[in-house]
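First, one chain by itself: the form predicted alone, in structure tokens.
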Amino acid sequence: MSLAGSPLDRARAGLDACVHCGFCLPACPTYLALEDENDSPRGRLLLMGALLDGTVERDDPLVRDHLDKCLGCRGCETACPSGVPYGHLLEATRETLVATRPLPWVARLVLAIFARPFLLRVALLKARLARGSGLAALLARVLPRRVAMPFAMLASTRRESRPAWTPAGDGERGTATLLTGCVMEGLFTDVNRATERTLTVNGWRMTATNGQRCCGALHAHAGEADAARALARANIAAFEASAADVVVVNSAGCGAMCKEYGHLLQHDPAWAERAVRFAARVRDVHELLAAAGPRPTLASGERARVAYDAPCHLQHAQRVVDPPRAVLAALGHVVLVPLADADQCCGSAGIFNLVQPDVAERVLAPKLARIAESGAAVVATGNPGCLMQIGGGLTLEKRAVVARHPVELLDEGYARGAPPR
């Protein structure tokens, strides 16, 4: 079956860049967990090449199995000396394969919900009710671990209510508008409000943008590229109506997707240039805060031990490495402790932990072990999937450790006293 003209065929140049050196192997969480060359970046690239030359068919279940087990963390891209665009190749391959075999029903259901605003609002409302009532925490305690994990993840998003505070700022750095996101606004509302407050304190004037949709990252990663493009167009149109200087994102996965809208829509004549212009406005929240200092928090009382775990799509896709540490370094009320293998994936990867729970569990296990070794009371990470995956694992293991977004910690520090100006 010819793949001429397929998304994978159009991405062939990136595939040809691989020299099969193997530097990617120790950077790949599924290779480390499964110890199978077919579940490594090099092995999967060879499978992609075999699909193109017809050595294997795209309905081969073994090929699909090895490709489906890829987290898409893109750690291999950071390790690759040849610059292989593995993330784009994986998405192109999955888009090619989806044409002949649909995704698992769980994936189709989740993606359908995220593509439809009304269904998404209903789903997130039910999730908040389950969390707020304590049902999610109860089910996490009584159900078998594999079934309990989604409920533990949801329970871990619960936050204690804190007195509101009003930030003061002069907007000297310009205007910013927040990509509120789906899970971020639905389950991490406090993080979004903390993002707005901390940016205000650090010189940004915040404005709202109506008409936002899901960023499309989940759809693109799964091979549902047409749905991802439709969502991208809606977001571009919405943010074009905003006069803000920058579009700020506090979710690593969403930020990576938005910064790559130009690639996603490169073959769409009506939207390609608009996508590039939009992507150029996108900044991760840590980038903006680090550029502003950020203003330090006041030191008070006992300092909490905090370990930073780098989200894959912040470190490997966006290549934003130092800014989150600069934010954490400004916290006078915490002490930053090292976390071994902080650059390794936690196993979340969008909806991966729902469709590949066994592999996700095996990838998460060493992460939880490293957290225990660090002695941290708080794990800071800037992505909702990572917060839920790590938080869920900590909940199931009954650890006295919590997962928090770095912006939450900065906001808490500011709330303790007016930040110095």
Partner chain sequence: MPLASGPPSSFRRLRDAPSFPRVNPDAPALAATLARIVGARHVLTRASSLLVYRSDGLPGLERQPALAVFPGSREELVAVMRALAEAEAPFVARGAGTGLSGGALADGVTLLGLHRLKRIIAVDAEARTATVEPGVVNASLSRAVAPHGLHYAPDPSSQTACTIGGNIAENAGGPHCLKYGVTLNHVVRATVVLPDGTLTTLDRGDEGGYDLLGAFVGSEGCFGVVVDVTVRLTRDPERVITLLADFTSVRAAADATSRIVAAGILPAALELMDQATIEAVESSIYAAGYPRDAAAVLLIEVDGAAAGLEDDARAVEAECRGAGAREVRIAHDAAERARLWQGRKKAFGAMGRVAPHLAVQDAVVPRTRLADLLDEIRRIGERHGVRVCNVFHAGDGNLHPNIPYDANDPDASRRVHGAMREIMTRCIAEGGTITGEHGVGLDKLPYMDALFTADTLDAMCTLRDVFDPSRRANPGKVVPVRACREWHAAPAARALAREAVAR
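This structure is a prediction, so every number in the text was calculated from the model and none was measured. Residue numbers count along the first chain shown, from 1.
The form predicted in complex with its partner chain exists for this protein as well; it is not shown, and the discussion that follows is about that form.
Highlighted residues 17, 34 and 319: every one comes within 4.5 Å of its partner chain in the predicted bound form, counting any heavy atom. Although the partner is absent here, residue 78 lies within 4.5 Å of its partner chain in the predicted bound form, judged by heavy atoms.
The closest heavy atom approach of residue 358 to its partner chain in the predicted bound form falls outside 4.5 Å.
Although the partner is absent here, residue 82 lies within 4.5 Å of its partner chain in the predicted bound form, judged by heavy atoms. A residue is said to contact a partner when one of its heavy atoms sits within 4.5 Å of a partner heavy atom; residue 373 fails this definition for its partner chain in the predicted bound form, lying far away. 45 is the sole member of 45, 378, 396, 354 with a non-hydrogen atom lying within 4.5 angstroms of its partner chain in the predicted bound form. Contact residues in stretch 52 to 80 (any heavy atom within 4.5 Å of its partner chain, taken in the predicted bound form) are 52, 53, 54, 55, 56, 60, 62, 63, 77, 78, 79, 80.
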